[in-house]
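In structure tokens, one chain follows: the form predicted on its own.
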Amino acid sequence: MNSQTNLFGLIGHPVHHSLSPEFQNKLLNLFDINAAYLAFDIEKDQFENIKTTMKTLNIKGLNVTVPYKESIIPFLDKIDDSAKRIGAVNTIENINGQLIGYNTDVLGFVKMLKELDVDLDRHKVVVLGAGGAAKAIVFALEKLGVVDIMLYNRTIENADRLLENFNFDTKQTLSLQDFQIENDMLIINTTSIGLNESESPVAINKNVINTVLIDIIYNPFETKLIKDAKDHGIYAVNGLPMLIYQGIESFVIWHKEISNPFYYYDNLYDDILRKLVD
């Protein structure tokens, strides 16, 4: 590091569990870019200073995580069309003092779903949560041609508000406490409840067939929700692939001179997986 080193980072609260610095710095090293990526835990009463801080310190780019993906928008100078439609931003680019917002969660989730080879036509699609991550995933599901969706959230009004901006043939919003697992479901947990290893957003209390569960939390590697699902014979995965895919897309936005960092995905995934398991 020297006086020419550019700074990138992650903002959120909490961020101690994040592996973004691990693989973002690995990518920077792979491409011999003079930059560093750090994680910044921003308390809510300090969040309003983020625009001034980013411009003053000339931070070139930030990822945004819980709970700021929606509340960051008023502080930006511009957001791209997808992020505007979603109403959530997870990536910021600083171009000569102009802060531009994007949402790379969409691409991250689409790539992950395609990697899992889930047949959306054979599953009832269920999303848990109605925050910034849920907005991106609902947008991705719409792009993938899903026609029917069920959204469970603690506050049904927030779920209603989220779905009113999307075009599905059937849209149902229900309370998390009313969730009942069934056969042929694709369940996507977007809540942060599983960050505490003893908590789960919903109960998995019976065996079902042809049901797949995705918990976008990746640290802990197996949340209580995933463990409960596996105990009942359900195929369940965490959000590590989505994290890496969306992070690589952020890297592409910040470093447009790099043609194809996705080439490094397998090694990045294996390295971070080893760190999580260890």
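So that there is no doubt, residue numbering starts at 1 and follows the sequence shown. This one's a predicted model, so the numbers in the text were calculated from it and none came from an experiment.
Heads up, the form predicted in complex with a small molecule isn't pictured, but that's what we're talking about next.
Of the heavy atoms in K84, none are within 4.5 Å of the small molecule in the predicted bound form. Although the partner is absent here, R154 lies within 4.5 Å of the small molecule in the predicted bound form, judged by heavy atoms. In the predicted bound form, at least one heavy atom of A130 sits within 4.5 Å of a heavy atom of the small molecule.
Though the partner is left out of this view, L176 does reach within 4.5 Å of the small molecule in the predicted bound form, counting heavy atoms only.
Proximity to the small molecule in the predicted bound form, taken as a non-hydrogen atom within 4.5 angstroms, holds for one residue of I149, I193, I100, V118, which is I193.
Heavy atoms within 4.5 Å of the small molecule in the predicted bound form are found in exactly one of 185-193, 163-171, 107-115, 139-147, that being 185-193.
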